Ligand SMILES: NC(=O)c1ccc[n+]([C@@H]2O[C@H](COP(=O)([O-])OP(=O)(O)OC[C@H]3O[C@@H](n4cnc5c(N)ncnc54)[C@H](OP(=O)(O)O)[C@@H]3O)[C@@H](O)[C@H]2O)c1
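This document opens with one chain alone, in structure tokens, the form predicted alone.
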């Protein structure tokens, strides 16, 4: 009932965690705004969610300040804002071009920074940012570790500065989403199988698992300023 008629914007809503979160929020009665940098994907996702609730869409490119400003203005006053979408290039410190590292920072840190700054949030509203466990358990991608750490610091600071708006950071471990389809051959299945055997949970999350957790976090009125791990025990393994 907390979502009935509430305005819920998901930036990065056309695939993965964002798509799952938008679907759950719409099914729970929220007025969902799906956003991503692709107009075609936004239109497709709106069509897929037809019948699940009141769903609209906007194009918001997290690497484009003007696109963010226009999209947030069009979205209007929000009760919930989730930003799981970003474009990050993976690579080791020595191999990753500095320009690619800076572009990743622009998308995953400065994009959400600008979006939250431009958002008109209802009093007592809720914001969810997304980092990843590489912030505390590096995986050989220094830029990714630094970016995730920056997102977590931002979330804690915004919980103070934006109060009574609640701000939390969802910190997933490995999630089996279409992002890994870029891996050649059977490498995706091999990666997931190895992780499943290594993790204490003996399970690798799907986008739906993370979305369900994020939705619960965003609705909890006593939760703010937290970085919340959902990683199958990866940080302790």
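Residue numbers count along the first chain shown, from 1. Quick caveat, the model's predicted, so the values are computed rather than measured.
In what follows, reference is made to the form predicted in complex with the named molecule, a form of this protein that is not presented.
- Between the options 190, 212, 178, 48, the residue in contact with the named molecule in the predicted bound form by a heavy atom within 4.5 angstroms is 178.
- Residue 126 falls outside the set of residues with a heavy atom inside 4.5 Å of the named molecule in the predicted bound form.
- At a distance threshold of 4.5 angstroms between non-hydrogen atoms, residue 32 is out of contact with the named molecule in the predicted bound form.
- By the criterion of a heavy atom within 4.5 Å, residue 173 is counted among the residues contacting the named molecule in the predicted bound form.
- When the named molecule is considered in the predicted bound form, residue 194 lies well away from it, no heavy atom lying within 4.5 Å.
- Contact annotation for the candidate site: 9, 56 and 71 all lie away from the named molecule in the predicted bound form (no heavy atom within 4.5 Å).
- With the named molecule left out of view, the stretch that reaches within 4.5 Å of it through heavy atoms in the predicted bound form is, among 115 to 123, 101 to 109, 158 to 166, 73 to 81, 101 to 109.
- The partner is not shown here, and in the predicted bound form the stretch 195 to 224 never reaches within 4.5 angstroms of the named molecule through any heavy atom.
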